[in-house]
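Below, in structure tokens: the form predicted alone, a single chain.
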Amino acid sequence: MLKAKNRLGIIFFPAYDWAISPTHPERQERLLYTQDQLKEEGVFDIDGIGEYKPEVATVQDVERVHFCFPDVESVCTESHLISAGGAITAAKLVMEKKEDRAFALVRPPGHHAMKVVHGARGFCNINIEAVMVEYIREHYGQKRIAIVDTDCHHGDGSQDIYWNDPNTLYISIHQDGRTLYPGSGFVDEMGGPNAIGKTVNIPLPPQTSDEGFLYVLEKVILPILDDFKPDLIINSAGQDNHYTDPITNMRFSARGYARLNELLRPDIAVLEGGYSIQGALPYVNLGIVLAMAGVDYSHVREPDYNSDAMKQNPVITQYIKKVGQDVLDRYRNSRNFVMRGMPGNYMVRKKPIFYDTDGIRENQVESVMICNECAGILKIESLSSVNPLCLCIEVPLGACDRCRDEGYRILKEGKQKNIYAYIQLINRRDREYLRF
């Protein structure tokens, strides 16, 4: 009988009752074929691999992360709460040492859901990894956490949520935003004023194969992780870099995904995208499961895989090496970044956001206080095509006294102005969550 080197918990939730449409690529069959494949391969007969049911995330779990308007119940369904709950279940298995590693095979996905939520964008309503990460911090203490996002689409939502957090390293490896939705994730997007260098984007050209992905992992991502020294590594495990995916243009294989996870050694993986329902997902998920468990995956192979056809063009190889070196140089130089503005001042950015799934338009004005002691107070004014002007205030986990007091000053001022339809306060320091 096979025995796993690493005890692995698998959480499975196909969300039978939720789909954007019956033929939409983000539908329940994404996981049903995987379930069949894992059973046919006898994965659950391997000593050390177990299957678990997801719990249901609470409204407070979501409000710990998101500003949802008009409220959480209006922007997500029970399926979204179970998907996020599946990620939380994975975290609890690892944090409570019931398993060495965990893989949440759940849907709907989440990494395009931003800090403010008015609806669905990129098939995502709430950010299930972020809900999980902040659950960990709420219940197991402040942790330095690295999220490595291997989805083919840039995780603009995860980047937005952790843009100002110096204790979260967000690394995204994705198809170049000039060629694919959501059109972001460039190397100069490196984080907010109190977290420069904690956002790392590695945009790869179309037709990148196993060679390119694994080169970037070994030469760029692993050295950055060694420098950051996270307490936990999360793989935001999108699988649409696969060569058969219908909506992307990459050439990654199931065995390549397995090798990536073998080298990355994530504590937790959470399924994101991947829409080749029969040609990729059963084989990719099998490879990731075996790699995370420390079981031989050399037999994992797609029926139509042709290694000669998947060879990477030398021109692409050279381009990837240049991108990788640029990313490394920017990361290393970020520690020498001279802050623009004095502590106590605000840095402001204006963000137009389009919710492609729901057809919503939003305009934000985001202000973050420059602070040498914490992540800084966050203020967002949001106006969308479905909701009037909203005010968002976040007092970060571990906030200094000045930032905490500033948060309540903004709250008081906002209530007095009487111009906001909705006001929401997230006070992570004192665990106070208010809506007006």
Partner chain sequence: MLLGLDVGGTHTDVVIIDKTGIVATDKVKTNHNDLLETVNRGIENAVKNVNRDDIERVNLSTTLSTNAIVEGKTENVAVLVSAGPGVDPANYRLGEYYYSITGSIDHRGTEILPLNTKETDSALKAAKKAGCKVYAAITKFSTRNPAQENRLCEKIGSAADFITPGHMLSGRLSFPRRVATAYYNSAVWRQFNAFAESVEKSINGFGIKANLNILKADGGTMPLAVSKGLPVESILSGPAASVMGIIALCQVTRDSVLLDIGGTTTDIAIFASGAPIIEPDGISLNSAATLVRALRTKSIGIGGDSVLRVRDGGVVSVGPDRLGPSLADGGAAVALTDAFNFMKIDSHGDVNASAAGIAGLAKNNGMKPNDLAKKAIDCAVGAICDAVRRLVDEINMKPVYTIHELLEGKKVAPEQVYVMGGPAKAFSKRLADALRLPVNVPQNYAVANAIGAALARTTMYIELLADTEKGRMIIPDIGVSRDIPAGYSLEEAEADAKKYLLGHMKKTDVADRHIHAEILDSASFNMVQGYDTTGRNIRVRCQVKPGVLHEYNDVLRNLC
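The structure displayed is predicted, hence computed values, not measured ones. Numbering follows the first chain given and starts at 1.
Quick note: we don't show the form predicted in complex with its partner chain, though the next part is all about it.
- At a distance threshold of 4.5 angstroms between non-hydrogen atoms, residue 386 is out of contact with its partner chain in the model of the complex.
- Not displayed here, its partner chain is approached by residue 41 to within 4.5 Å at the level of heavy atoms in the model of the complex.
- When contacts are judged by a 4.5 Å heavy atom cut-off, residue 33 counts as touching its partner chain in the model of the complex.
- Proximity of residue 51 to its partner chain in the model of the complex falls within the 4.5 Å heavy atom cutoff.
- In terms of contact with its partner chain in the model of the complex, the residue from 299, 335, 97, 311 that brings a heavy atom within 4.5 Å is 299.
- Only one listed stretch (62 to 70, 388 to 396, 33 to 41, 404 to 412) carries heavy atoms within 4.5 Å of its partner chain in the model of the complex, and that stretch is 33 to 41.
- Residues are counted as partner-facing when one of their heavy atoms sits within 4.5 Å of its partner chain in the model of the complex; in 8 to 37 these are 12, 13, 14, 15, 16, 17, 18, 22, 23, 27, 28, 29, 32, 33, 35, 36, 37, in sequence order.
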